[in-house]
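The chain that follows stands alone, in the form predicted on its own, written as structure tokens.
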């Protein structure tokens, strides 16, 4: 193809390739989802259908991007971990974040009716995406631990906040005032002593978030044998301690 005199404008494009041999995380975050969840009548404090829709959208991303070895989601966010050696989009930061974010958003809308069959989105949901690099295995573990700790802190607060409103008859302002300055133990005590709720028995998806991980699973063959096939597995488990990483040691191994 002949070049034109206008091609010089490509020189203004910044080279945003991610450093080699680093973990790449693309985190997708809902924009204005407090308003979105209210206007779409999400159940409080947690809407299982909405969280399941988020998980389905994340599954679509992992099905498309084979170099995403693990994804972690909670509330209105999802983090996608690309293997250190990935060459997807030549490791260009903007390409990775925009493609992951746009696919996640479109999948969220595409699968909406499977989880909310009696309604449709009143307006388009918006997610933003960012790319962050983590050089070491400990860094990527600490990042995921940070997101899961955030899940626990936010969910405990929201569970207590909405229980005070829905079962305790408080106004939002009164519930916020009652919880001001409280620690985790205080919130657990409020839930148990006033409402008979043991927070530790709440669904693990709410307390721990969702982990999507690639794992080789034995698949039955027509002749009666089996073979291992890589599949995406959904779990709601602790990823802060060592047990998950010992079980999934392949995640931190460069292939």
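All of these numbers come straight from a predicted model, not from anything done at the bench. Residue numbers count along the first chain shown, from 1.
The same protein also has a form predicted in complex with a further copy of the same chain, omitted here; what follows describes it.
- When a further copy of the same chain is considered in the predicted complex, residue 175 lies well away from it, no heavy atom lying within 4.5 Å.
- At the 4.5 Å threshold, heavy atoms of residue 138 reach a further copy of the same chain in the predicted complex.
- Contact between residue 237 and a further copy of the same chain in the predicted complex is not found at the 4.5 Å heavy atom cutoff.
- Proximity of residue 95 to a further copy of the same chain in the predicted complex: non-hydrogen atoms within 4.5 Å are present.
- The partner is absent here; in the predicted complex, the one residue of 186, 64, 204, 43 having a heavy atom within 4.5 Å of a further copy of the same chain is 64.
- Against a further copy of the same chain in the predicted complex, the set 27, 103 and 110 is in full contact: each member has a heavy atom within 4.5 Å.
- Along 98-134, a non-hydrogen atom within 4.5 Å of a further copy of the same chain in the predicted complex is carried by 98, 99, 101, 102, 103, 105, 106, 107, 109, 110, 111, 113, 120, 121, 122, 123, 124, 125, 126, 127, 128, 129, 130, 132, 133, 134, in order along the sequence.
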